[in-house]
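Here you get one chain, nothing else, as structure tokens; it is the form predicted on its own.
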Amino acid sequence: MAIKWTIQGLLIYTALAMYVLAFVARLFRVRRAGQALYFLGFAVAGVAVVYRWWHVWHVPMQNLFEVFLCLGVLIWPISLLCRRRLGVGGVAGDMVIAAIVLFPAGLIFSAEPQQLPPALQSGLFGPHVFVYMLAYIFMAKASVQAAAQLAGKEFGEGFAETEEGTYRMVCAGFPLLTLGLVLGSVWGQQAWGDWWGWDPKELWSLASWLVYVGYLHWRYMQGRRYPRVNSVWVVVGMAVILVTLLWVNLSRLFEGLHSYAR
């Protein structure tokens, strides 16, 4: 583990502690305190992102440290959107997701500033990575819903039942995955002169997109007749996203155009 004895590290650890305490408060049904701690965790994580941006003087989405740091900020607003607009609950699960995605930024990946490679010095850099991060949070939330359904749990509190909530999450995240692919293709043409380079990261991104295409087609054809199969589709989709985000970036087997993203 790489403990960060810096202002950046202090902000991350504070946000991480807030998320964990929010989850504990939720378990003990102290909901108002849990919600307050959840928001405070988001606010401190937001300060950490702004501090990183100021420190490196570019959009902090270059490497896995910065990506996971930003993911730790996005979960709270997406959680709020889901509750108020999509009727999807699972706030306790969202708190767990928030803590999980901040953990690698705080204790695994190096925060050493890196020079921005020429390929990333593009106006498409921020939008391309940002829409993917949004999609990943939606799909992570969907996978938690799906796992709960497979375990025989249902989220109550007046929200949509769990299988329907999973479907709504995927419907929200899938257009973002699609947009990420399109922006990446346009960016690839500008940076490397080719719309598609058969890079490992590109291939696994396409694979994750195809899994969700399969899920949506299956769900459209079969509806809720096989809810457990529906949930397995979503869990598999998240597993492929984790391969795309982590294994492809970290494994020496997948050297490619996106190797700078470690």
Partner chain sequence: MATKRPSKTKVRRFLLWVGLAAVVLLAVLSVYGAFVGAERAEGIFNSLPLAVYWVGFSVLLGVSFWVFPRFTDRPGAASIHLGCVFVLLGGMVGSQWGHDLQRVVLGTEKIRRGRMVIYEGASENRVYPASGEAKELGFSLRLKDFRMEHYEPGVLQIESRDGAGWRVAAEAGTEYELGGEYGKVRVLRKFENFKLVLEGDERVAVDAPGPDSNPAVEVELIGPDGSSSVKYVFERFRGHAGAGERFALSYFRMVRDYVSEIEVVADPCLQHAGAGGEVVASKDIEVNHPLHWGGYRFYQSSYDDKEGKFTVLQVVSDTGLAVVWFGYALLCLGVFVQMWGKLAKPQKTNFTVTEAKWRLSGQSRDC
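The structure displayed is predicted, hence computed values, not measured ones. Positions refer to the first chain, counted from 1.
This protein has a second form, the form predicted in complex with the partner chain, left out of what is shown; the following refers to that one.
Using a 4.5 angstroms limit between non-hydrogen atoms, Trp233 touches the partner chain in the model of the complex. Interface residue remark: Arg32 is not counted as part of the site for the partner chain in the model of the complex, having no heavy atom within 4.5 Å. The shortest heavy atom separation between Phe42 and the partner chain in the model of the complex exceeds 4.5 Å.
Though the partner is left out of this view, Trp54 does not reach within 4.5 Å of the partner chain in the model of the complex, counting heavy atoms only. Contact annotation for the candidate site: Gln115, Gln189 and Trp195 all lie close to the partner chain in the model of the complex (heavy atom within 4.5 Å). This chain appears without its partner; in the model of the complex, the one residue of Leu216, Val59, Leu64, Ala36 with a heavy atom within 4.5 Å of the partner chain is Leu216.
Distance criterion of 4.5 Å from any heavy atom to the partner chain in the model of the complex singles out Leu176 from the list Ala92, Leu176, Ala111, Leu107. Here the chain stands by itself, but in the model of the complex one stretch of 64-72, 23-31, 42-50, 218-226, 218-226, has heavy atoms within 4.5 Å of the partner chain. With contact defined as any non-hydrogen atom lying within 4.5 angstroms of the partner chain in the model of the complex, the contacting residues in 197-211 are Gly197, Trp198, Asp199, Pro200, Leu203, Trp204, Leu206, Ala207, Trp209, Leu210, given in sequence order.
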